[in-house]
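In the block that follows, a single chain appears as structure tokens, in the form predicted alone.
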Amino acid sequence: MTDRYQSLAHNPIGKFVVKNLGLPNPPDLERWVEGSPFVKGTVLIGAAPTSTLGKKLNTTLKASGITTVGVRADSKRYKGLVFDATGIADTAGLALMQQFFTPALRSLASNGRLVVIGTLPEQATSETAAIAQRALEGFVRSAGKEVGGNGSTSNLVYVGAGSEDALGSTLEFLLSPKSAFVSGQVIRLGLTELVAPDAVADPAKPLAGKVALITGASRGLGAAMARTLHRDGASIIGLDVPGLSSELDAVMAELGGTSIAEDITADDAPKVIAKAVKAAHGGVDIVVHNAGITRDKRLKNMKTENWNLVIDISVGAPQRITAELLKQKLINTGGRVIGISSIAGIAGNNGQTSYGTAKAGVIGFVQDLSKRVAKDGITVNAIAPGFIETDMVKTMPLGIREAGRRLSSLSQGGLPIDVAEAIAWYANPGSSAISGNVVRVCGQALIGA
């Protein structure tokens, strides 16, 4: 759906009005175009003196084709600023971040990226180090609200012990336009048992040879996910309800994929889906539980049948389907299970008690399952979208629609591709150290955490 306010704010008269009245001025966000490098520009790297990543960070970025420098030049504009804070062991050391970012921010290009790398606080070697590392979260979230006005973002990556070699796919994602609507987020590597990242033979097709099952794939977010994972080389199995089979078949025909028309809440759905997956490809590498509905009512007006349906589609059915696929050993080693939560499941929404409950349940599903399947080399994560410009937006009252768009650091709604790019990052073979994470794709919405 067209954001008319954003269009108005960017014409000559609108610019004048917006500036003089102090109204939100949504920046034009740069999104990745197939065939482009991860970063069009130079990334400046800094580090606390005793940081642990050292040359590894520079080597990792260069291996991804990203140009880096370690010394700031006053005349240069930077597309990214990366600071290794793993060596900060007390609160006094936090000043090292300020000393790096304050002068460098004056040279940050539009649609720039700030990335801070720290150590998991629970793995810190002392109380003072744990406190300092936890403080990094406040830094990146506050910085994100400062730089969002020019389309820039700020994120934190905690690196657990043993996951230092698994940074590549995450830095590629966070420094590139693929993360255009991801800001103020904390990503944790090494929360579960570690599996070495798989090598990617072709960076342009990192999912070549992989099979992805996507529920709710006929339109909206699901169709964007299917197209994006296919772009990255995956074979697609799309699933949706029988009533949307024609739309699903059209998307799968476009992608050379396989359609499954099935109601995921049906008693026999897990076995039907498992049988179809086995018949089509013998197994699956990526499972994206995208299907979901809303039946919004204030709690005092809620009908039990609607409550049950919302929760079963979002979290009950995904739990049963995943359990069946695991039971039949149809999720391959190195597999990915990805749930779609929502900021409603983190912060709650007035009139969306059933939806918020369901999407919080997705987070519980991810956090529990990730620990149980780590030994099998399977990762489990969730994406929590914020305000995304889908067909559902058209049904919203104007005031709620505009509030949803403006109440973020980027002052606009995201696009389905923004969620799909985050799914592709989780699915990347190099993302094996990322499990048990919930990352918001919300433009740093000013609600929740």
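Being a predicted model, the structure only gives us computed values, none of them experimental. The first residue of the sequence shown is number 1, and the count goes up from there.
The discussion below concerns the form predicted together with a small molecule, not included here.
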query: 4.5 Å heavy atom contact, residue 240 and the small molecule in the model of the complex; finding: yes
query: Contact label in the model of the complex: residue 292 to the small molecule, heavy atom within 4.5 Å; finding: yes
query: Touches the small molecule in the model of the complex: residue 218 (any heavy atom, 4.5 Å); finding: yes
query: Any non-hydrogen atom of residue 379 within 4.5 angstroms of the small molecule in the model of the complex; finding: no
query: Listed range touching the small molecule, judged in the model of the complex by heavy atoms within 4.5 Å, from 194-202, 101-109, 339-347, 117-125; finding: 339-347
query: Candidate from 388, 423, 39, 61 lying within 4.5 Å of the small molecule in the model of the complex - any heavy atom; finding: 388
query: Residue (of 255, 280, 313, 157) lying close to the small molecule in the model of the complex, criterion heavy atoms within 4.5 Å; finding: 313
